[in-house]
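Quick heads-up: it's one chain on its own, the form predicted on its own, in structure tokens.
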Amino acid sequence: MEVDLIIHNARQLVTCSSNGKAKKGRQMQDIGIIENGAVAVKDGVIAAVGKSDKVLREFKAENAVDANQQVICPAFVECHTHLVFAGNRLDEFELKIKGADYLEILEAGGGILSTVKKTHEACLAELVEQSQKRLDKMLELGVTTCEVKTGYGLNLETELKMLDAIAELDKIHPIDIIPTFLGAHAVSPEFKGREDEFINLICEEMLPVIADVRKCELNFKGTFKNKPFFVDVFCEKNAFNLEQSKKVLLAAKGLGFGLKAHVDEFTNLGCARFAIENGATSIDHLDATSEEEIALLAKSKTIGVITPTVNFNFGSCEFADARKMIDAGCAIALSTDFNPGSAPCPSLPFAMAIACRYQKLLPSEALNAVTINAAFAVGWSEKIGSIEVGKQADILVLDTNDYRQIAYEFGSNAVEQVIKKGKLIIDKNE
């Protein structure tokens, strides 16, 4: 059979195959290695996976690439980012070094609100230009699918501008983008002391408009019509309390959105349980999640997303207890939480390195956490996250003969080639 591309002679073809289910507990150690493996691609879709001699015997391609005993693995899925924003927070970086914490900076009008101001002031073209450069860095580091949240608008006009930027990036950039509306990221300064009114604005005015544009082919260039679309909320002290968060999630659920929730980053307010019970696709951060909630997460289809780059950026030695979660049977994904304040890090390999050292993930668990489980965390597991027949051919060739090198050699980038939908996008050999 003629195909478009064959990559063969991989010392390790790491498939991360999962048979349609997120990997939980001990399953997270299974990354599906095929020694001397090969993958065949036709029309941007994986046509065959197996031993090199078998694939080469059954398939032919003018474009046959010898992996030279290197590693082939699924491209990375970045499942939690705040990538679209204007400006930077370099001044706050110095304040944090001097001892100021996240909530102190937020209470002083900094943090999220300083980025909100800059994002309000930026035009659409500026947002796209700045964010495209961030995506370029992620692509070089192996990411081919990226979830991107709004949340630096805090009013309908700027939140829609952010969605326009996300849609434009999805159109012009090789990385597939999964959109999330995070209107409930922080309380708008105009509503300080009137937080319930702001929540009502989100639920009664913003969400219905977002739901309409999501369904309309003429808005956002039709980009979001056939992709998962989520609504998120930040349930935390100095952000939104449990009752406010419940209201946002229930309103979003009623309009047909997928659900995500920032929970337990600093304090446990009980939103993890509520989100899980209402079918959230993911709950994210989980630093203060209780044992009872961990047990509930393990029994659910919800993915727990850990973000160790945040703790690293804060100079903290306290991390979400991902080891306990995996041992309890949870499906865990891993993200950089890329954002200008708490995690200005575009590198999933570096997030893997931190998770292995401080959260005691094995390299196999970390790799599953940035591929197949991350694909489940963005609701697109049927298309991405593993090297399986019928899935989109998003593949990495690594400059190593052992996948563990990704997390072992921290601070470097083992990605040599990035293949997106069967096309070579990045080639460091050229």
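A residue's number is simply how far along the shown sequence it sits, counting from 1. Note that this is a predicted model, so its numbers are computed, not measured.
A second form of this protein, the form predicted in complex with a small molecule, is not displayed here; the remarks below concern that form.
A residue is said to contact a partner when one of its heavy atoms sits within 4.5 Å of a partner heavy atom; residue 145 fails this definition for the small molecule in the predicted complex, lying far away. Contact between residue 240 and the small molecule in the predicted complex is not found at the 4.5 Å heavy atom cutoff. Using a 4.5 Å cutoff between non-hydrogen atoms, residue 181 does not count as a contact of the small molecule in the predicted complex. Of the heavy atoms in residue 229, none are within 4.5 Å of the small molecule in the predicted complex. 341 is the sole member of 349, 153, 341, 346 with a non-hydrogen atom lying within 4.5 angstroms of the small molecule in the predicted complex. With the partner omitted from this view, the residue of 185, 214, 161, 134 that lies near the small molecule in the predicted complex is 185 [heavy atom within 4.5 Å]. Heavy atoms within 4.5 Å of the small molecule in the predicted complex are found in exactly one of 74 to 82, 124 to 132, 197 to 205, 298 to 306, that being 74 to 82. Using a 4.5 Å cut-off to the small molecule in the predicted complex, each of 89, 112 and 337 places a heavy atom inside that distance.
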